[in-house]
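The chain below stands alone, shown as structure tokens; this is the form predicted alone.
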Amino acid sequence: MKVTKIKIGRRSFIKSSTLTTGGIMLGFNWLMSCDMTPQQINALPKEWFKINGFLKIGENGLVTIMSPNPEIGQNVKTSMPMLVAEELDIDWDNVIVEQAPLNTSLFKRQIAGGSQSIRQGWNSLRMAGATARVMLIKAASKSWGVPENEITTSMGQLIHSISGKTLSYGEVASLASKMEVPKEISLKDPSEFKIIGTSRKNVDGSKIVIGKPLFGIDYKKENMLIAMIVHPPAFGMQLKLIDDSKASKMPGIERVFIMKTHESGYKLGAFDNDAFNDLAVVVGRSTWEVMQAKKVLLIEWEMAPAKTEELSFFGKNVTVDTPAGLESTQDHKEIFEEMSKKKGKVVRKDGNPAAAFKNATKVIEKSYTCPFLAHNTMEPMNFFADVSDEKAILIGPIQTPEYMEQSVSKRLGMSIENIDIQMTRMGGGFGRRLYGHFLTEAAVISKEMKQPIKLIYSREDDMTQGTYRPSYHVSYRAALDKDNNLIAFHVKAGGIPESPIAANRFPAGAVENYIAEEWTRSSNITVGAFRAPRSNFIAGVEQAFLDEVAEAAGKDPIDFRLELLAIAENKPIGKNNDYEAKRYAGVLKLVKEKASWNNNNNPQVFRGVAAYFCHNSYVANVLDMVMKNGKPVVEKVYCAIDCGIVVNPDAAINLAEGGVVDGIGHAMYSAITFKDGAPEQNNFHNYRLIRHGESPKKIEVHFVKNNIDPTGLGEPPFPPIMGALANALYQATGVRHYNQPFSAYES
């Protein structure tokens, strides 16, 4: 049997202890999994322990995995326990899962973000299962008096084929718990996988369909009050005073007051993103009554001053300048125009780009922009809080519970040991729920009210609060020689208030003369991570520009990219290229084959291609478009992905399909614009999302088969589809699109 040996840091990874009812518990990091079926609940032991971060095996052979990480719809609650079950060698039907509360003493990186869950948990989860299996074998060896190497396992059974003896895991679990944890274990070779690589249904799927209360918005407690906030109507303004004489007398209203999310001098953490610190709060007995009271509040606003704050960003101190004033989209367009004429900060330079451009036969130059975007999660922001002098109980949907635990501790002046954050399933995240100001607000309101409360944001509250995808601008130049070879490439990218550039990504490393510049401009409009941060813009425009360069060179778009990737693979230019050219080319070759790129004989089908690398994975798309009644319609999308070993194919396909639809929708329709600091879109009546009829009629997903450890998948399918869409639109209409959303600029 081919195995991979991995040493275990025993203090940091594995701990063994005996259950009072018998059985074995193995502590480990990075666990997520599935819920109990009714049959499993009925078959539970008389006593069952719920211990954060432990794998439990009961006397009856059932296995419980306590899950410390948030579930935001990426299906890790099903896929991650598959890793444990694979190495433990059990029947998948015998896996039970409980959601663990936040416990930073047991778990590391207890967050959902960055498409890292499977990648980060790949070894530790498998080691947990494999270690338990070894200890069970040791127990059976001692019980039977036979050598360990004569014992095999299968589907939760220990087998000694020589004597014909068998034992279930449950029968030796108590004895196994007393065995010493092995210092070294062997993991399965991918060729031996039985569970990994097979499709398993979403364990919460049926509960979601029937509306079982799983989400934060569903949570209720007796005597719970409802709280809502009112923030300034424009960025650059702040609350001055309120007149609540009418609102406070309305039916069901308990109190109206002003609160500060963070006290003066508070050092913001990485996820304390907060556009408006002073808020008007309305607390009452029901959501409807509170919403009606909000409407009659009389509030006076004033201009907010400029400020400079120090942000603690993952151990580093970062200074953030927030200017005063009321910004408008027109102002941002003028900034883009101004900065496009100035030299940016050079972040990479290979060769002599200036000389190459000077001596070029042909130079192609284009610029691209995109607007701010709202996250628009299906479930609005909400959090339950019950704060007393002794303890804070907080329950709701959050992607960064361990970081917000620290924030709440600082804000309340309460020890972390007295703060209990419990995670619910989330109705969408996309980065929005990385930023937990609404959790802190709920805690402060509950403390003020001395009662349990549920803070609920209306759609308008959330969409006008900020934490947007930034607005970006990028300019490209490409130089061709007389033989139509790409001899120089120049990218200058910036944004409000950050740059989207990834200077060491393709085509860096494939062009002899390459230069990348960046710039930024401060803003009082708050931004945050949006699905595939920065890549969600620059991937699409880079791929659109490369198509334009390929056309100028008279080359097929895929062949043109493959030529460049061959250079990057065989004779890479420069250093620190952050992609593997062979894998990058691999997804292009796969999508070319599956889409029959060279055999499109239908003149009514217009095709666009794009490929990109981000979050450790590679994705290529071919998008087929037709024109119906003068309008472009996406008929089909081919998607090729290299994300290493695919743990749960159905779940992986779902992620890819969602990313494709999401990317098309945002590129075509979505935008947040501003006038005098105020967002001009505040709900779905004027913030356009893709509709069912506008989605691709079919999406075909293909995975590169390899034995590389899994990489990211939640975000990588999102960015490149925007480029494929832009390129198909050009083929269909003869018009190139340089500004998103494309529908706003249709000719």
Partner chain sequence: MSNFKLSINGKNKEVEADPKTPILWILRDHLDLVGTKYGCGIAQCGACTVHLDGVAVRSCQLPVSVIGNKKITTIEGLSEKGDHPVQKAWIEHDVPQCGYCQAGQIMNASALLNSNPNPTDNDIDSAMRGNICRCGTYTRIHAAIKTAAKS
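Numbering follows the first chain given and starts at 1. Keep in mind the model is a prediction, meaning the values are calculated, not measured.
This next part talks about the form predicted in complex with its partner chain, which is not shown.
- Between its partner chain and the residues L590, I217, M237, I242, the one pair within 4.5 Å by heavy atoms in the predicted bound form involves I217.
- Screening M627, A354, I208, L298 for any heavy atom within 4.5 Å of its partner chain in the predicted bound form leaves a single hit, I208.
- Proximity of W288 to its partner chain in the predicted bound form falls within the 4.5 Å heavy atom cutoff.
- Taking the partner from the other structure, its partner chain in the predicted bound form has no heavy atom within 4.5 Å of any heavy atom of H702.
- Although the partner is absent here, E379 is a contact residue: one of its heavy atoms lies within 4.5 angstroms of its partner chain in the predicted bound form.
- At least one heavy atom of N654 is located within 4.5 Å of its partner chain in the predicted bound form.
- Heavy atoms within 4.5 Å of its partner chain in the predicted bound form map, among the stretches 437-445, 475-483, 660-668, 184-192, onto 660-668 alone.
- Of the residues in 514-541, only F530 comes within 4.5 Å of its partner chain in the predicted bound form through at least one heavy atom.
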